[in-house]
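Here you get one chain, nothing else, as structure tokens; it is the form predicted alone.
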């Protein structure tokens, strides 16, 4: 392959990064490639390694193995202050005895920016986060949302090559968090700053990110755009962690024309895929794919189940159903069409192409 035809290197490249504390493996050979200007969310449960990975990128933790490349430069062993990376932590790490402007200017002072040059850069950073009228106020006089903006302004003031956000919205109440999410997304899009964002909140990741990396037990299970991640999870763990889902146990009886046939306690179900006959598998379903009644078109799967609960969500209704011993299904339906009462046995149908299949017990 000629140099001209080779793909461009990632702006941020993480290659085979490992980290362990004693016998506890925190990161296990993580690879991650982020394009310039891209907004990546690292999503996963507590203890999955996402914050450790972020701190390795920032230089606050040294990896046991692997490399970190930023803008074509190996920064794996560089100290944090030589990486030109802005970081916003969950607790904001602001100085309560300093004013808003002094907090924002602190990073510039550490980087030995001349005093005369600091004021305009502080003013511009505060303008970006709509806090220019608060420059003289003490941090203790600000609300949680305002403090979050100051922390972001401080990270932006020195024009970082990369912005790292470690659950910076977690301390905000739900209504304020939703408002700040939209503002943050618009600001980062407008500035075009390459950003890596750590969160355990799947909805936040879906709202903010260009792509989402789902982490589990120190590994990156899948990295994909939000729509692809939701519709085509590569593992049972990703299916279960991102959005609502249902699982049905079964055993493969054959494969033909790109569809695998699975025998379950509720009859035969077909799904895209290829497995060896006799393999134990689990059928995965998204609740919104299910419909009441038997499908009239070809290529449809169907089972019967008993309604156990109904949750009204305005225009939508989430119905909980018992399909067999230990198997619970969720169906998300139009409220106007969901008339089945609790205790009623109904037929549910869905397209075979919307069916997922995973090896049994591969929860990660």
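Being a predicted model, the structure only gives us computed values, none of them experimental. Residue numbers count along the first chain shown, from 1.
Heads up, the form predicted together with a small molecule isn't pictured, but that's what we're talking about next.
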| property | result |
| --- | --- |
| Partner contact for residue 62 in the predicted bound form: the small molecule, 4.5 angstroms, heavy atom | no |
| Contact test in the predicted bound form: residue 48 vs the small molecule, heavy atoms, 4.5 Å | yes |
| Contact test in the predicted bound form: residue 320 vs the small molecule, heavy atoms, 4.5 Å | no |
| Partner contact for residue 69 in the predicted bound form: the small molecule, 4.5 angstroms, heavy atom | no |
| Per-stretch contact check against the small molecule in the predicted bound form, the hit in 328-336, 32-40, 305-313, 49-57 (non-hydrogen atom, 4.5 angstroms) | 49-57 |
| In the predicted bound form, the one of 240, 282, 102, 167 near the small molecule [non-hydrogen atom within 4.5 angstroms] | 167 |
| The unique member of 286, 118, 200, 177 whose heavy atoms fall within 4.5 Å of the small molecule in the predicted bound form | 200 |
